[in-house]
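First structure 1, then structure 2: two forms of the same chain, each alone, as structure tokens.
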Structure 1
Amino acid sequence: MSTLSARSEDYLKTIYKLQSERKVVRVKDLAVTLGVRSPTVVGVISGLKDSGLVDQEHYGYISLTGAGEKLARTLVQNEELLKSFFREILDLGPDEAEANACSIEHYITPTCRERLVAFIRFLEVCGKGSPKWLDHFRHFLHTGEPPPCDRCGEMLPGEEKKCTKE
């Protein structure tokens, strides 16, 4: 994916989101949204301009280039997929899911991020009707106990106990 810093990726996503809401983005908008000072924004934007990901007009408006928009869209989609995974699969609340999605995307390798996103997409496409293993995981998550065996109906705690129907 990208070799940008976590901070630069966050700026791209924020510009992308603000651009879709307001059409124009200024340094002040980014500073307020990201909770930083304007000089910090100017420094990061300068690096993003050098990378060809953003443009800044003489009157201060910031916009994504074609490459910047494409990358930002991918980053936003990946973050949304991670949030969905944390909410729907791991059963985290919305705030916790969002905090974890934002954190984890920056601290795993690009290959790991791509594979995790691919796995989540796979679950969305192929997991309709909730596969048995996912139902079993949810049962375990909420009870702390393994679910009954699909074959014999007995609880199978630990690896040493085998199904009587095998």
Structure 2
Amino acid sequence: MSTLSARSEDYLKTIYKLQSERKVVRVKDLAVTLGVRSPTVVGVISGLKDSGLVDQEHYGYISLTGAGEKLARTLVQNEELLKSFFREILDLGPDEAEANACSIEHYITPTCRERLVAFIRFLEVCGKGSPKWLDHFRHFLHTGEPPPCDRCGEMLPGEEKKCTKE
């Protein structure tokens, strides 16, 4: 399986997403979603058909093959993980988180992705809510004020209660 271009992966992911919304996927849907013209979609889809990732009859609907769906699922999962990072840690809005996730997904190394995923997992194992340090980061992000505690184990006045945990 020759390696797919970033753009082809975008097409694949979009088909997957539209399909999982129980919608039938047409050329026009992809064109609208991806912001391109129909002939562009036809061209890219033609390549994906040749790669055995997409099925489409002449003038018919577009669907993923087994292989296509498997690959698309992986891609969408990766994108979701990145999106979580951008939303939950960097506090970006949903749309911006998605946009960033979608575009950088193609360019980061596997290790880098693993690390970002680990970061999100770390958040989860830190407890149900967000850990204190993340609250402090958010506060710093939006106000510019430094976090209430200075160095490990050193509390600022009146922070004994708040600063007991990472």
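FYI, numbering is relative to structure 1, first residue = 1. Just so we're on the same page, rigid core means the largest C-alpha set that superposes within 1.5 Å between forms. For clarity, every value in this text was computed on a predicted model and none was experimentally measured.
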| query | finding |
| --- | --- |
| Pair member which, unlike the other, is the form predicted on its own | 1 |
| Ile89 C-alpha relocation of at least 2 Å between structure 1 and structure 2, rigid core basis | yes |
| Shift in Å of the His139 Cα between structure 1 and structure 2 [rigid core superposition] | 9.2 |
